[in-house]
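Quick setup: one chain, the form predicted on its own, written in structure tokens, and binding and motion questions come after.
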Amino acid sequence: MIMHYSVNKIPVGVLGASGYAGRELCAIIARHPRFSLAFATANEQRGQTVRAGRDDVTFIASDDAPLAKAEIVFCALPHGASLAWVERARSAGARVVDLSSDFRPGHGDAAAKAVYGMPELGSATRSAIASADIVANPGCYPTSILLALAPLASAGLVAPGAMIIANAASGVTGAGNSPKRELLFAEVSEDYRAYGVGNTHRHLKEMLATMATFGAAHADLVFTPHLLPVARGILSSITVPVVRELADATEPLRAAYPNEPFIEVVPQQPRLRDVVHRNVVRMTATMIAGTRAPTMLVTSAIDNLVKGAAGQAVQNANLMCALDECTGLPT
């Protein structure tokens, strides 16, 4: 494995580097001007060499990872498997960005040990990330939906007792790279379907817990994910009952994110081709005609592997290392 050691480089490691998010992490680290890859683990593929960005990376077993050599460890292990490895990394002296759900809000007592890593939620969140030992990287769907909802909730625009309807469609990389019949090309191509219906998707707990922190605890959220026949990207359409009509529905979004480098508020509907391979959330909003009560539609698009996973993880690590937040990230 190519390693880049320099007094100006910060050594980082990736646990679970063979998955889509893990490989994306390795690729971003390869072109990062201040990070160097100390190790990348993948138990089932240990000894194999893959291309990640501009570098060849050889996977090692997790038990062989030199955790103490990394200042930051990115944990991209499956949900439920991260908890023990995060503790091992912390015991070795490394700070951790965890990409699983194990430390996210709404997922048990471990959430109290971590800071939720969504920098755009405000300066207090950024400060907490910068000093955190463990950062819980948000899920891909929550990134797309929560950043679209936060400005409306913070401005008191969400109607009391509102039922918010979030329909979001993701590319197949969001399901991971484990072989599954329903994700075969012949099953996905030329098709489009909902899954996790009936408000059963695991990301719902994370979204509800986070909504409560920015003033939307009174609202219900009905979340239905869909599978798109594309490799990457998420497009979310969110229907929000609001307290009044707005002449310019995008104004609350622009007011909330005036100087955010990774949020683009636009007048037109965002498309996946606008965001793939970029660490951005692109969003817009419009009032809905023909409803009895004022209702807004907010639409957002992200790359599920970049802003929805690896890119956001590096964004958080940049803050933890006192680097410019945008360092090494594709905009």
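Bear in mind that the values here come from a model prediction, so they are computed numbers and not experimental data. One-based numbering along the sequence shown.
Same protein, other form: the form predicted in complex with a further copy of the same chain, not shown, and the subject of what follows.
Among residues of the shown chain, Ala217 is one whose heavy atoms approach a further copy of the same chain to within 4.5 Å in the predicted bound form. Contact between Ser62 and a further copy of the same chain in the predicted bound form is not found at the 4.5 Å heavy atom cutoff. a further copy of the same chain is not drawn, but in the predicted bound form it has a heavy atom within 4.5 Å of Thr331. Though the partner is left out of this view, Arg181 does reach within 4.5 Å of a further copy of the same chain in the predicted bound form, counting heavy atoms only. The listed set Ala130, Ala155, Ile165, Ala255 contains one residue whose heavy atoms approach a further copy of the same chain in the predicted bound form to within 4.5 Å, identified as Ile165. Taking a 4.5 Å heavy atom cutoff to a further copy of the same chain in the predicted bound form, the contact residue among Leu121, Leu83, Leu235, Ala249 is Leu235. From the list 113-121, 136-144, 217-225, 83-91, the contact stretch for a further copy of the same chain in the predicted bound form under a 4.5 Å heavy atom rule is 217-225.
Contacts of stretch 257-276 with a further copy of the same chain in the predicted bound form, defined by any heavy atom lying within 4.5 Å, are made by Glu264, Gln269, Pro270, Arg271, Leu272, Arg273, listed in sequence order.
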